[in-house]
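This document starts with two versions of one protein chain, written out as structure tokens and named structure 1 and structure 2.
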Structure 1
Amino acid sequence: MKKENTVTVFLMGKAYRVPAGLTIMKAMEYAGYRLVRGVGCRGGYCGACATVYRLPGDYRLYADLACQTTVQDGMYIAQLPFTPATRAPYRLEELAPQGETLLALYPELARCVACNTCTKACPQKLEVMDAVQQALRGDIAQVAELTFDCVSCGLCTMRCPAEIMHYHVWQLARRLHGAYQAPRSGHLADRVGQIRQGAFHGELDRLMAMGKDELAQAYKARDIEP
């Protein structure tokens, strides 16, 4: 491989020459690191490849996901498998779908100084600070809407000076919204009714009787929506 087609990156403090254009994740694998646990596209959960890095001549500390960030020459990289954040204990069926519920379980929300650091740190480009403000206003549905694409990487929480446990707040808001506020899906109720009436027992019995090779062939031949 020609030298001009590679860049130098530092993984765990050690320099490696890797092909230019790779994502951080693929560069790590090229260098010999096996990502066999945690990472969503490697059999774990999405958001587990959170990464912080510095660039040559730049004092700033950047945060992003290794699966979507391209390596740059001289990049110093450190992996963060998760961001420690205490989850408040609760039983969903005992909670009310009210804004006060969010603040009662996560009072640090009130410490938000609207610095917008959380938004700048978000690799999904979510309006994180806006979601915090909606949580303070008690609008659970809006919090759920704004954070729908959150992958719980924790980078916003890591950078927050108010020490807000963002992704735990978002999970609670989405659970409250889904359990109490969101309209019920008619077609889902119909399908659940069909399952309870045994409409698919025959098909399940047929699949259970198949061997491994036959199952693999049926899987490859299945109808896939465009």
Structure 2
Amino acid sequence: MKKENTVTVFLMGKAYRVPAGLTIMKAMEYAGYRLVRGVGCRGGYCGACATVYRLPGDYRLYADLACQTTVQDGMYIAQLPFTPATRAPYRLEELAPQGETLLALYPELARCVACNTCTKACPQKLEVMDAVQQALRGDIAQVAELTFDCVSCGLCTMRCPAEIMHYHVWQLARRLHGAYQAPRSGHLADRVGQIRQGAFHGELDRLMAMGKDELAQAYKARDIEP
């Protein structure tokens, strides 16, 4: 490979020359890493491949997903595939969708100093600090809205000086919102009713009766939403 088509990156402190244009995840595999943790969907949804890096001549510590970020020359990279965070024990059906619920289960929310480090660390570009502040003042719907695209990568939680365990709080807020506050979806209830009444049994029986080749054929020919 021509030299101009490669970049040098530092993985866990060791230099590797890798093709330009690879994602961090692919660069690691190119360099010989076999990823069994810290890798998942490879599509930016599962949040398993949290990574941090610095670039030459830049004081910032960047945080991103390894599967979504292209390597740059001189990148210093480390993986943070998991951030320890304990989920508060609760049963959703015993909770009330009240503002104080979040604070009662996660009182450390009150330690936020509004430094905004969480927002800067978010690979999904969420307004994380605003969500903490909404959680503190008890607006569950706002928290659910602001964190809808959270992939639970844990980067904000790792960087937080107040030791808040963001992704568990967000999950609780979304669950409370979904269970108690969001409007019920009429067509979902209709569809569940159809399933219960056996509207799709025939289709399933037809699939069950297929052989392996026929099933593969049907899979390839399936309708895919654009």
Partner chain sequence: MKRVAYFPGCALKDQARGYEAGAKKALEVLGYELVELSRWNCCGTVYALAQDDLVRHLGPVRNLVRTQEMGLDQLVTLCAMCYGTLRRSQRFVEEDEERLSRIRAFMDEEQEYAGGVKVLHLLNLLRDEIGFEPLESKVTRPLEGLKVGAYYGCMLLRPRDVGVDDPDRPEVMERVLGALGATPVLFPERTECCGAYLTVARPDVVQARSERILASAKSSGADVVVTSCPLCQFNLENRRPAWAAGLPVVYLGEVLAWALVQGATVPEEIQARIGKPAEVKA
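Residue positions are counted from 1 along structure 1's sequence. In this text, rigid core is short for the largest set of C-alphas that superpose within 1.5 Å between two forms. As the structure is a computational prediction, the values presented were derived from the model and not from experiment.
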Given that just one of these two is the form predicted alone, which number is it? 1
Aligned on the rigid core, do the two forms place the Cα of residue 206 2 Å or more apart, comparing between structures 1 and 2? no
Align both forms on the core first, then report whether residue 73 has a C-alpha shift of 2 Å or more between structures 1 and 2. yes
With the two forms matched on the core, what distance in Å separates the two CA positions of residue 14 between structures 1 and 2? 2.7
